[in-house]
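Just the one chain here, laid out as structure tokens, in the form predicted alone.
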């Protein structure tokens, strides 16, 4: 044997041997089950995926402890994420999503995902993961689609689903609304404009939204403006003079600017809430494409930032700007994918009423029917649940599970607005069905090229709809909702679609759900919610929140910083064991995982130490066997009465009375039993770093440095017992 372990010569062969022996599927025994958090189907391995190692460790450990451990893998279609990636792919070809009708775009993305999927599984295998790959589930599999749609139908029937126009964070570039959890807040320096508003001066960073103002607000306790509350004042604007009401609301910060703010309910979430409190008019002046609309006069069609520059110049020319603070720093909400500013806007969205659904989740967590590791995350998820708002579950994208709602066309032709691509490939935007029919387009053409529809919700404008998997067959014309489900709505039902039907009696709830703490509110809380709603059971007993992988300096990895580490490069260079160990060794529970080549090198040295312990034992075993005058049982001169055949000898045949007579082995076995007991305690309480540290200390500094190199030096028959005794074999 070489004195240096070369993983490249062994790891793939070992994995293939596991596959031949069928070690990936669960055997007979007490069930232990983990559902793999599904990575994006078209993703490739990054450093964070390395933390799946935690689940692999648990699966192996439980298998060795006699459990029928099962790790069910799967992949997520990742709606918005995947469409964003595909649109970047299209942009390189000089195309956009508007070059395709809805079905074409969906089919193209599906093929794109199919062509690029499978890579991450091959990389997981390179890390040695013991998942049952033949049971892989994709979130667009037929049975998953059926479950997700059935859940929506049931919830809508029971009054948990509703559609409403509500202010959401919308990304004009990506073309979809984003939940509060998908919105990133960045600190930025922007000009703060002090505008003259009739008798007032007020400060704003968004002068372009002034066309949508429907009130001026002051704080109720602000004595400076008390006499103005309830009055209507005349304001000179860019489109002439207009009257606006002064209201008092506690949302106003008296220390911001002059203590006077303009209220634009259609384009600011705080203003929207104030507008509801004071029954203000909602004037939408920015379309979902990020351009100003016809209510803005000469600025119609301009994108927000361009419009802002032109509006500021015109306000200056009219003497309507008192001053500009160019050093104003504030938090700006941006898209977590493209990084562009999000536009708060009001669009129809499908929502889940969460109040009745989240209460049992809170009770379950408070009663510790589900336990969180580290424990501090229990408090975190409870805090989030208690302030959780109704959940917008629709996304304005094509890639995903289309919401099973159908709108009646007959009698509503002039109410349903839509955009579509006609048979000539032209993008027809923003008109009613009646308008497009009058232009000579057929209903079939509109349906085929349909991009997005907007349906009024209120009073006499309301359009009837039905919830159905298929188009109603009642002789009338129907058109389907174009929104798709938020990915968290479908992936939130992961525990309901991953096991076989009969396994829900034996493997549900599953044992552990491991994932990053970042998606604790996104995903974990919603899996609990759906499981309690559909099955009246918790989905898993324990939640283990992985540590976050950072670079060796503790900084988050990013391409812009140039500190991204490719795990496969490290595996190819140092081996899977060294890489895996580097993610676990010396890490405090819930702390960041600093990953650098130096640490992986250190773990490579430990793996090499293990190799050399085995090599030393094997070499001495060979030495003893090659001398026919030495008995394997006692190391004494040949005596037929106590000789044991090499070929027939196995672990079970050890005579422990002989081991007990050997003081050296007796001491080692006692120490081993103590170590094993501690190890099991650490593993059962998810203290993986301590467990690995214990093994590291025992194997390197006790077994190797002390017992083998010092105590057993030259005592070859004892070395044999160390190498092949049943205790050490475990």
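Since the structure is predicted, the reported quantities are computational estimates derived from the model, not experimental observations. Residue numbers count along the first chain shown, from 1.
One more form of this protein, predicted in complex with the RNA, exists but is not displayed; see below.
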item: Contact of residue 709 with the RNA in the predicted bound form (heavy atom, 4.5 Å); value: yes
item: Distance check, residue 204 to the RNA in the predicted bound form, heavy atom within 4.5 Å; value: yes
item: 4.5 Å heavy atom contact, residue 613 to the RNA in the predicted bound form; value: yes
item: Partner contact for residue 402 in the predicted bound form: the RNA, 4.5 angstroms, heavy atom; value: no
item: 136, 572, 589, 123 - the one with a heavy atom within 4.5 Å of the RNA in the predicted bound form; value: 589
item: Candidate from 407, 585, 98, 112 lying within 4.5 Å of the RNA in the predicted bound form - any heavy atom; value: 585
item: Partner-proximal stretch of 412-420, 104-112, 445-453, 325-333 relative to the RNA in the predicted bound form, 4.5 angstroms, heavy atom; value: 325-333
item: In the predicted bound form: members of 668-694 within 4.5 Å of the RNA, any heavy atom; value: 690
